[in-house]
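In the form predicted on its own, a lone chain appears below as structure tokens.
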Amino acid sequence: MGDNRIIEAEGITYTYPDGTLAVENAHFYLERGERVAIVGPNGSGKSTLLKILSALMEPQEGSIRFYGKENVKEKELRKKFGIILQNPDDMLFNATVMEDLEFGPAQIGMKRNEFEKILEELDEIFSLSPLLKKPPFKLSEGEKQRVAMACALATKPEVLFLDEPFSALDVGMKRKVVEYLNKLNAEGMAMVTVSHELDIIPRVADRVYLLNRRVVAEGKVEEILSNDKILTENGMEPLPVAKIAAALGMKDIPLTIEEFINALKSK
């Protein structure tokens, strides 16, 4: 396993009280500094697995180790993990945006001057200044998502878990946020992203788990997202750019428009 492994999960199973099987016998691992994605159709258990991996929930069956240990205090993990939930309303509960941003850093004992420095950087990315005095419930969905992301990043997490983090962002903001997350990753932050938007996955991950309650496939992004058969069989629409490239007989299947254009230029 080595010292680089942050999470190692085996046989993870979870059934909700109403009898709905969310995840069955799933496995997962995350190394320091990795970018990993979990993809799958609606109802495939992605969000449930993410909550288990981020220690928000405990599996009913199976084992999970954090930093090589089975028993790690949740308080210690909260200092290292940042989580962006699918519904920002589940994260924003204070009277103002500023109070929500202050909450996480205060819980881990961050000094005020350090928080203010981080807030200045987050403001540049997420345009927070006009929102700071507003109550979260008065924000638009896009504004809530930006604030929720900023709240998760305000603690300078070692691992960032993202559940459908870009669904309410416009194209320009999405591009800006992806660039910023990849900058943080280059500085050492690991990322685990859940998204049904396959086109974003090549931009935020290097390795992928395809989940359909069980782990159906895992591997490098280019291996999984260029496999039309396995995506279709598991209720997912293959990337249009990959389908076009395959129809043109390209050997190396591009996953983004930029890769596709570059491939055409090189011919």
Ligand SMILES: Nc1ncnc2c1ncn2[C@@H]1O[C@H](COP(=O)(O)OP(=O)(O)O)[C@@H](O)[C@H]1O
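Don't overthink the numbering: it's just position in the shown sequence, from 1. The model shown is predicted, which means the values in this text are computed figures rather than measured ones.
Beyond what is shown, the protein has a form predicted together with the named molecule; the following relates to that form.
A single residue from the set 22, 255, 245, 12 has any heavy atom within 4.5 angstroms of the named molecule in the model of the complex; that residue is 22.
The named molecule in the model of the complex is not approached by residue 226, whose heavy atoms all lie more than 4.5 angstroms from it. In the model of the complex, no heavy atom of residue 202 sits within 4.5 Å of the named molecule. Looking at residue 182, you'd find every heavy atom of it more than 4.5 angstroms from the named molecule in the model of the complex. When contacts are judged by a 4.5 Å heavy atom cut-off, residue 167 does not count as touching the named molecule in the model of the complex.
Partner contact region in the model of the complex: 47 to 55, out of 60 to 68, 47 to 55, 231 to 239, 25 to 33, criterion any non-hydrogen atom within 4.5 Å of the named molecule. Of all the residues from 67 to 94, the single one having a non-hydrogen atom no more than 4.5 Å from the named molecule in the model of the complex is 86.
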